[in-house]
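In structure tokens, the next block holds one chain alone, the form predicted alone.
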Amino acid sequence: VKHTHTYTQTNIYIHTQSGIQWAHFSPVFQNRFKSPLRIKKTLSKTGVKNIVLVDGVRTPFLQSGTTYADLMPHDLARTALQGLLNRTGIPKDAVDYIIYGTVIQEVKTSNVAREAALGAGFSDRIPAHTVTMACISSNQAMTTAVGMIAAGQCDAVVAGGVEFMSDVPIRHSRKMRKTMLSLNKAKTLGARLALLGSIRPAHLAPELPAVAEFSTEETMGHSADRLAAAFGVSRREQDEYALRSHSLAKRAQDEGLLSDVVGFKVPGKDIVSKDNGIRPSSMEQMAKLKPAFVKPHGTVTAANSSYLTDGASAVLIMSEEKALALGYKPKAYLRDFVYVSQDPKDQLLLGPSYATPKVLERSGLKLADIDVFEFHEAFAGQILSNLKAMDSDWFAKTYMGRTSKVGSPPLDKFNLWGGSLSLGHPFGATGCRLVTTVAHRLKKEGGQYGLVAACAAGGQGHAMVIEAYPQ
């Protein structure tokens, strides 16, 4: 039996033949011994490998166009991988596979996982591939790693994600591209001159990237504004939530809780050791901002939206048996996960509302069993709309075919160290940050179960249950 204590509860780990069980004693129970003993059982399953998070790191997340501006994506990914190597001390040839997630690919390093791994000094015999699934790309990298370990293909996999918004690909117009390709094939001077003479000023207009849905042509911010209106989320509520995110992130940063951040010596510049987008403001200052997408009456602004961010993350995932054999003390078990998909027009950002009840059912848990929640914050309006959807019987019955609502996560357990609104959101890297944060919070707060959830472009979403590793 091992006993720990926090200001809210006492936890006792009971080692039994059926596995580790976890008893929570409320202060009332400790004092009066009248409440029933509440025991949470481990989610370990007979015949199923226990898969663990050994550790996770990330570069500081920086606003695009700042200190990282002259780098390339693989530079950030390489730094995250080197940080993971330094923190875990794992031999560079002990990893079986490397998977990275990214959204907007640099054409020179389309398989950024391989280029970053080679740059970080991993053995060239370790395969690596890159996945993309919008804002849940590194979630997909992690769950792919879990699947490979569960299938017995690997024992140790590094998963991560990277996004570099300071230098995104900007293309020539299609007509100009066709002309340039034809020029390359032209065999005579006359043919080349004829092609050059066909170029018109309109051909020179570039195609700029946009955070918009291909299927609907709607920007994500515009969709977030419509979603907030549909769920009756006011501008003030969004600003209050955004201020909460920044305030909590600043406190976590000042108290040294963001221990997953590894310093980065940017060539020709100083060492970067902190996220630079955390900016607690005031309701008065935020109220002065104009709508960013739906003008003039929209409610989504720059202050209550996540910002374009450069950053990378990496986690080491192993079978529990392998981790213990190598002498590691894992941070958490990675348990059940789900992916969902729904209408990208009107439910683009509601992934958490659909994924949360599914992953809880798969795990045999209820919302009240979860001690730590970490949801991706694309927009304050998106978060608040999801919380309202999750707390609505009507939404559950009408859109999800469920008999009742799953319930809304209590804010005293929700994103307590800030979120994407404040820490930043490198599209491909956020998932690993969420999982690592849950593991750290579970240890800090004495909880057992954590839940990660995120929305993604295309109307997709992800959720995962994470269980604390017994201390």
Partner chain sequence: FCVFIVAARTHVNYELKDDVAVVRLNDPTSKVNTLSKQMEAEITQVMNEVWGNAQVKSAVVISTKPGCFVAGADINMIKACKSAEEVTSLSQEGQKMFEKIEKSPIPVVAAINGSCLGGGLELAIACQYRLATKSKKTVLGTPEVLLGLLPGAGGTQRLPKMVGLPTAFDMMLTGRNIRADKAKKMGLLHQIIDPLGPGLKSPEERTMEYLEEVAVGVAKDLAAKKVTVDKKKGLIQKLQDVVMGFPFVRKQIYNTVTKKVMKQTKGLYPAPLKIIECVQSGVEKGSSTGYQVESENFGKLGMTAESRALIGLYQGQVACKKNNFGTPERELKTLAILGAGLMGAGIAQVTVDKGVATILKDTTLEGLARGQQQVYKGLNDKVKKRGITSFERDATLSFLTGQLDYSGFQKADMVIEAVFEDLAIKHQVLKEVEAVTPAHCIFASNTSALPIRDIAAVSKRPEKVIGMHYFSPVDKMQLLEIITTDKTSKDTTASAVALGLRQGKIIIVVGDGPGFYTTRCLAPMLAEAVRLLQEGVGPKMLDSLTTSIGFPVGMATLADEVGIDVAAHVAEDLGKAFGQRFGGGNVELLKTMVQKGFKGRKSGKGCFLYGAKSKDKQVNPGAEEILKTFKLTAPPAVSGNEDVQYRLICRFVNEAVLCLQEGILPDPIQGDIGAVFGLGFPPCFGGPFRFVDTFGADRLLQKMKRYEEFYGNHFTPCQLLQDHARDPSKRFHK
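All values reported here derive from a predicted model rather than from experimental measurement. Numbering follows the first chain given and starts at 1.
Just so you know, the form predicted in complex with its partner chain exists too; it's not on screen, but the next bit is about it.
A single residue from the set G152, P206, G232, P91 has any heavy atom within 4.5 angstroms of its partner chain in the predicted complex; that residue is G232. When its partner chain is considered in the predicted complex, only one residue from E284, E321, D254, E217 comes within 4.5 Å through any heavy atom, namely E217. Though the partner is left out of this view, S392 does reach within 4.5 Å of its partner chain in the predicted complex, counting heavy atoms only. Using a 4.5 Å cutoff between non-hydrogen atoms, Y307 does not count as a contact of its partner chain in the predicted complex. Taking the partner from the other structure, its partner chain in the predicted complex has no heavy atom within 4.5 Å of any heavy atom of T301. S166 falls outside the set of residues with a heavy atom inside 4.5 Å of its partner chain in the predicted complex. Heavy atoms within 4.5 Å of its partner chain in the predicted complex belong, among the stretches 128 to 136, 394 to 402, 258 to 266, 362 to 370, to residues of 394 to 402. Looking at 330 to 347, the residues that come within 4.5 Å of its partner chain in the predicted complex, counting any heavy atom, are D346, Q347.
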